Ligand code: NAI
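Coming up is one lone chain in structure tokens, specifically the form predicted alone.
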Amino acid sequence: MKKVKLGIIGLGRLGRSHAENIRKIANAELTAVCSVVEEEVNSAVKDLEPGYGSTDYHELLNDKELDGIVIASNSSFHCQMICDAAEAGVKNIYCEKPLAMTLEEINLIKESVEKNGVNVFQIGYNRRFDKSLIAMKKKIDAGFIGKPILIKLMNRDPASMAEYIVKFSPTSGGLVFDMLTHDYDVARWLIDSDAVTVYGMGGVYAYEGLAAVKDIDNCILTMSFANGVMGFMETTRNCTYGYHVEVEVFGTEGSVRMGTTPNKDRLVALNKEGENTECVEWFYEFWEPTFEAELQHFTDCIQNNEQPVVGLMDGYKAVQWAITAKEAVDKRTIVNM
């Protein structure tokens, strides 16, 4: 069977990993790589051996030999690149989250994608491809916990990323956009409902540099969903022991939970000082299998002419929610969706 030819735009921390994962997929071919940083292009061409590399993403968009484009650029460029791709006739697009940064941008993307007949559009909410969360979803849908009552999500970034966090903040959209759209996508998927109200609070507790760029490093959110489920989110950027994600859905007949302890492996060390368990250090290590799985899914959808499990409207609704949630945190008030 003919391999799906993919080009990738963006070769930063996650983009480079995406490019490496494409090479692992049996029915995909890494055909083109692109970055505005020439050194990143040269390194990727040397190490990953694509057909070619470029510093101009339009070269990839106009390459009719490519079957799909993977956008892993800075979030602030997503809207322009998606619209340019759609208008250039690219029919299959994968884009990292968040879809965009404003209501105007997501409406522009939706209009462009629909008007230009994009076939497969997948957004990078990789947690949908985590085996534990998939098992959790199946148990909830099968009635294992009865009627869902409460969903709780915890998302803690490691303090070891401090220097990167302040530098990255101005172009990431801030804490809510950068971290919590993942959690919201997981929540609405697991309980099959959208939020109708959001209340939040947060502030700068650890990294004073964030205040200058109007960002925060810790916040909590409470929500009500259309189906009556209550929701709670907690997030931080200064977790001293590593990277920690936890999800629980509690219902009338039981509970399902994942990530209670962020174990690096199954080793537990015991001595006179007590018990010690080494923790996962950063997000990619924790979610690593899901990144290859989501690109495998994108490839399969192109090859089989199927729609992805996480698509345009999932990305659209996550940005809508993030705008509301950020307002709730900024104003410390309840905001209706």
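A residue's number is simply how far along the shown sequence it sits, counting from 1. Predicted model only: the values in this text are computed from it and were never measured.
One more form of this protein, predicted together with the ligand, exists but is not displayed; see below.
Suppose contact means a heavy atom within 4.5 Å; in the model of the complex, does that hold for all of Thr102, Gly174 and Tyr316 with the ligand? The answer is no: none of the three residues contacts the partner (heavy atom, 4.5 Å cut-off).
Option touching the ligand, based on a heavy atom within 4.5 Å in the model of the complex, out of Asp178, Asp183, Asp130, Asp215: It is Asp178.
Quick check on this chain: which one of Val113, Ala72, Leu153, Met136 has a heavy atom within 4.5 Å of the ligand in the model of the complex? Comparing distances to the ligand in the model of the complex, the residue within 4.5 Å is Ala72.
Although the ligand is absent from this view, report whether Asn126 comes within 4.5 Å of it in the model of the complex, heavy atoms only. Output for Asn126 is yes: heavy atoms within 4.5 Å of the ligand.
Whether Asp67 contacts the ligand in the model of the complex should be assessed with a 4.5 Å heavy atom distance threshold; does it? Asp67: no, not in contact with the ligand in the model of the complex.
Give a yes or no for Tyr52: in the model of the complex, does one of its heavy atoms lie within 4.5 Å of a heavy atom belonging to the ligand? No, no contact at 4.5 Å.
Would you classify Phe286 as touching the ligand in the model of the complex, given a 4.5 Å non-hydrogen atom cut-off? No, Phe286 stays farther than 4.5 Å from the ligand in the model of the complex.
If contact means any heavy atom within 4.5 Å, which of 31-39, 272-280, 44-52, 308-316 contacts the ligand in the model of the complex? Contact-bearing stretch, as computed: 31-39.
Would you give me the residues of 5-32 that have any heavy atom within 4.5 Å of the ligand in the model of the complex, in order from first to last? If the 4.5 Å heavy-atom criterion is applied to the ligand in the model of the complex, 5-32 yields Ile9, Gly10, Leu11, Gly12, Arg13, Leu14, Gly15.
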